[in-house]
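Single chain ahead, by itself, as structure tokens, in the form predicted on its own.
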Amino acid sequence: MSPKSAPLSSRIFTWQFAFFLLIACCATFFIVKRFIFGIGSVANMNNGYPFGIWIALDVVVGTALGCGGYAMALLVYVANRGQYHPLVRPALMASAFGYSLAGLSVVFDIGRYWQMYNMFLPQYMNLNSVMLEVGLCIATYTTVLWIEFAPTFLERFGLKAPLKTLSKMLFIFIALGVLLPTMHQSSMGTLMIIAGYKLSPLWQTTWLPLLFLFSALCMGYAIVIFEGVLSQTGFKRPSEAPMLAKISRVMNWCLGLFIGLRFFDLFTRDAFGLAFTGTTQANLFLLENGLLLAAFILLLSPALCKKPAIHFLGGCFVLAGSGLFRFNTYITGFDPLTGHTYFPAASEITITLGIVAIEIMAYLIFVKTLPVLPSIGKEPHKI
């Protein structure tokens, strides 16, 4: 086992774990109902709104939350900042969870889910489809993430020969792990360009691919900060504040580029005035950008960045603001102009909460049984 990481070896089944298990069980009931009685039995999606929260939240926002591995790969392997390497494995694990469960959400969302395999058959591929590129990239990247994370399992079970072989080949998967998210995260923005006039001018722009890519990077660094602080407080671990403070500054550079590009585009298209019309779309636009501007201003000071509470708060603002940007692009800012409306059913929300609960339970199981978090010797763990 690598001396740099070790399992927490504490009790898995706690009251927190039981709470999330209860949510997952409730979600399972509705998932079974969906597969037996059809998607209409649990979802409020319709001909005007074919994308509900399973796509907008679980996939579009969820995969961005799973970009911690992508963001850290750029920082550690591309920018050659090896001092951040202890954060790579936890970020990879969270990314693998996020992308795997996003793929699961797609299965719920597809009407004829039993024919989903056709997407991988060349004779059925529509090579002009942006959605096909997104689907294939996400499926491939999910596989790549688990291969990159595989050394954790090999170390845990002492399989030195396979570990040595995989280590020699890992650079290939690291390269793919940088290429694939760059492709599909930007393509998620391209997908909504196709919506044309149905998407509000507050979000509709040819810059959407680049904006989605920057938002994924911002959320990737933000989730690393978020998880780092929570694991420190929840498991009573030594503070990683100096390292997380540096990452918060990297995140703020990405955030500054995102905000600058966003407002430059709005002003050049004369669309900024729509933000003050008092509509639901306008108010949510102001909320998303208010959160991002608050994070940017908060993290401008190097002295403030060093405080765990500040970079954690900034990370939370970035997660909320960037996530809302993506959600608004797919749901709030979209109007099919057919008289259709959409609000998620309680069962839809329960399934989404269940997916989040499964991810949290998997996180607790993995960090307590596998060498994921940096080794710090023996100390008490709270949860």
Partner chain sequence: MRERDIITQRLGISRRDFMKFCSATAVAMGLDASFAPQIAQAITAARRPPVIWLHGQECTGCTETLLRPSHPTLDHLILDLISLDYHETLCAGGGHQAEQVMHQSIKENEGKFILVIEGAVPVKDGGVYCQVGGKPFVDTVREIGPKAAAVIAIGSCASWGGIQAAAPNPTGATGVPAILKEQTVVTIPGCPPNAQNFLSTVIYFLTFNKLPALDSKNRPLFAYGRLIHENCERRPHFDAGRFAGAFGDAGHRLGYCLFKLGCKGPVTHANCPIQLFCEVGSGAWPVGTGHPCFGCTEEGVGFNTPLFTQAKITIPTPAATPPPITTEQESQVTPLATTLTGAAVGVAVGAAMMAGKKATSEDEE
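Numbering follows the first chain given and starts at 1. These numbers come from a predicted model, not from an experiment.
The form predicted together with its partner chain is left out here; the points below concern that form.
Exactly one listed residue, out of M243, A294, L230, L287, brings a non-hydrogen atom to within 4.5 Å of its partner chain in the model of the complex: L230.
Comment: 231-239 is the region of 231-239, 153-161, 96-104, 250-258 lying near its partner chain in the model of the complex, near meaning a non-hydrogen atom within 4.5 Å.
In the model of the complex, its partner chain lies farther than 4.5 Å from every heavy atom of P86. Using a 4.5 angstroms limit between non-hydrogen atoms, A303 is distant from its partner chain in the model of the complex. Its partner chain in the model of the complex is approached by P344, whose closest heavy atom lies within 4.5 angstroms of it.
In the model of the complex, its partner chain stays beyond 4.5 Å of every heavy atom belonging to T28. Contacts of stretch 29-46 with its partner chain in the model of the complex, defined by any heavy atom lying within 4.5 Å, are made by N44, N46, listed in sequence order.
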